[in-house]
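In the block that follows, a single chain appears as C-alpha cells, in the form predicted alone.
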Amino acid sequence: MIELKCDVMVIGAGHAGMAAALFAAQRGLSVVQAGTTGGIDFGSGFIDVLGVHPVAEKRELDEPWQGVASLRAESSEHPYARLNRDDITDGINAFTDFLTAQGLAFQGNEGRNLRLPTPAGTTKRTYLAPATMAPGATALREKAPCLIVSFDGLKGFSGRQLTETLGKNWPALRSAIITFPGLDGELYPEHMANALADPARRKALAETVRPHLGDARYAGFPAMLGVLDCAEVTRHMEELLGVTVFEIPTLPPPIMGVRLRAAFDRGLHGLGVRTLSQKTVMTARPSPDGFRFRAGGAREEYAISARAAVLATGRFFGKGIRQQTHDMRETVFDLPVARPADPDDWYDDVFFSQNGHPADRCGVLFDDDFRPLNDDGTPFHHRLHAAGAILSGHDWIREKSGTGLAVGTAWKAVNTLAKSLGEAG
C-alpha cells in the first residue's frame, strides 16, 4: 500500500476532473487525481457552453450567453443558475490557456457560437473549437470551394456522406477517397497522426491529395493531423497544398481524446499533480478535517489522506451513479441522487423522446458552493465539492453544454474549496 497526502483529492478523469486538478494545482494546492477512462477520451474537442435551448424545441443557438441567461431564469436547479458568466469564461480561459501551452490552441467567434461541419454531414454549434478545426466554420459560412479528403480503411468518416448531405446547400463541396501513404488495411486516427510526425510522410500525403484539389480554397481532413504537434502538421500541410486546411472530428475513438489526454498527462505532471491513471476510488472515509481514500487498479493500491475533495465522476458512463432496481445512488460516498421517486418515471416510453429522459437530468443535489447535499438538504461534508455531469438538473448532451458546464462548475468549486483551505491554514 502506497501512502499519499495532499490538499485536494480529485475523483474523476473527465473534463471536470481534469479542470479541477488543473485549477487546484494552479492555486498552489497539492493534488492527487484518480480516475479511469472518461468522456474526455471520446470527445470531439469542441468546447460547448450552450448550443440548444429550449431542448424540447431543438432550437440551435448562435448567441449562447442569451441562452444561458434564459436557462437560468427558467430553471433554478440547473448548475448554470449557480454560476455567473465570469465563472464560466474565467474557467474556460484558464482551461484553454493551459491547453494552448501544451500545443492545443482554440478559436472562437467573439462570444458567439461557431457552426462547424460534422462527419455525418450535419452541422454543430460550439463556443470554441480546436484551432485546427475552426477554419471549417469559415469554409461552411462562405460556401467556398472545398475538398473533403477521406481514406481507404478509415472507419467513422465518410467524405461522400458529408458532401452528399451538406452539398445540397454547398455546391462547391467535393470529396475524394485516397490511400494514406505507408499504411495498409484498417486505419486508426492515432496511427495516422503519429505517422504524420515525419515531414516526409506529410509530403507524400500532399502529393496524393494535390491532384484532387482543382479550384478548392479549403481542404477538410478527418481529425488525424498530428497529436500535440497538430498545429505544425496543419501549417505544413497548408504550405504543401497551397490551401487552408482544417480538420473534422471522426466518430470514436477520436484523435482529440488522445490529444487532450496527452496534454493533461504532460501538463498536470509539470504542475505537480500526482495522477493515478486508471485507478478507481474503492473506499472513502470522511472525517472532520478531511478524507481518507483507498484507490487501486490492476497493480498498486494507494491510501490517500486529503484535506478536501472534488467529486467529478460523471453519471452512468463514468460510473459515478449506480442504478438499482428501485433506487439510484452515487458510487463513492453513497450520496442520494435526485431522480423521480417512481422508477417507472426514470425513462420515457419513447426511446428518442425529444425531451430526453428524466434520468438524463439526475445527479447529486448541491448548494451554491457546489457541495453535495444529504437527504435533509445539509452539506454532506464542508470540504467535499462536486463538478460536471454528476450534478443534477441538466441534460448536457441535448443542451450541448458539456465542457462549459464541466469547466465552469470546476472553477467555482475549486475557488470555494481553496478559500476554505486557506482560512483553515
Partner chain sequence: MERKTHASERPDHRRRRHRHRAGKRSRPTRRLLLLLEKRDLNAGASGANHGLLHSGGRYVSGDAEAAIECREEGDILKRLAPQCIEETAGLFVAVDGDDETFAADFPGNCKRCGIPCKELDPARARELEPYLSERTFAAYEVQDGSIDPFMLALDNVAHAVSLGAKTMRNARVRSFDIEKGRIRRVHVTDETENREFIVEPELVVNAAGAWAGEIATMAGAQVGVICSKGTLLVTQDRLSTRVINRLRKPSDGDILVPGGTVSVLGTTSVRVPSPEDATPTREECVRQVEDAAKMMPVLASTRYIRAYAGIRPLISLGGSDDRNVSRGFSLVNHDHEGIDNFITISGGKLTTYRLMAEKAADLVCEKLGENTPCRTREEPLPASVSGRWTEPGLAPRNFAAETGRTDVMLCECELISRSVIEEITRNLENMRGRSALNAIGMRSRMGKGPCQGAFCGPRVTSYLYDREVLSGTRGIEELKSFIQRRWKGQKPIMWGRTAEQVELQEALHCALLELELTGEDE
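Keep in mind the model is a prediction, meaning the values are calculated, not measured. Numbering follows the first chain given and starts at 1.
Separately, the form predicted in complex with its partner chain exists; it is not shown, and the next lines address it.
Engineer: Would residue 82 show up as a contact with its partner chain in the predicted bound form if we use heavy atoms at 4.5 Å?
Structural biologist: No, residue 82 is distant from the partner.
Engineer: Indicate whether its partner chain has at least one heavy atom within 4.5 Å of a heavy atom of residue 60 in the predicted bound form.
Structural biologist: Yes.
Engineer: So, in the predicted bound form, is residue 153 in contact with its partner chain at a 4.5 angstroms heavy atom limit?
Structural biologist: The answer is yes: residue 153 has a heavy atom within 4.5 Å of its partner chain.
Engineer: Given that the partner is absent here, does residue 347 sit within 4.5 Å of its partner chain in the predicted bound form, heavy atoms only?
Structural biologist: Taking the distances in the predicted bound form, the answer for residue 347 is yes, it comes within 4.5 Å of its partner chain.
Engineer: Going by heavy atoms within 4.5 Å, which of 299 to 307, 139 to 147, 226 to 234, 115 to 123 lines up against its partner chain in the predicted bound form?
Structural biologist: That would be stretch 115 to 123.
Engineer: 177, 319 and 343: each with a heavy atom within 4.5 Å of its partner chain in the predicted bound form?
Structural biologist: Yes, each of 177, 319 and 343 comes within 4.5 Å of its partner chain in the predicted bound form.
Engineer: Exactly one of 269, 210, 326, 285 has a non-hydrogen atom within 4.5 Å of its partner chain in the predicted bound form; which residue is it?
Structural biologist: That would be 326.
Engineer: Using a 4.5 Å cut on heavy atoms, which of 72, 160, 339, 217 is close to its partner chain in the predicted bound form?
Structural biologist: Here the answer is residue option 160.
Engineer: May I ask you to list the residues of 395 to 409 that have any heavy atom within 4.5 angstroms of its partner chain in the predicted bound form, in sequence order?
Structural biologist: Sequence-ordered list: 396, 397, 398, 400.
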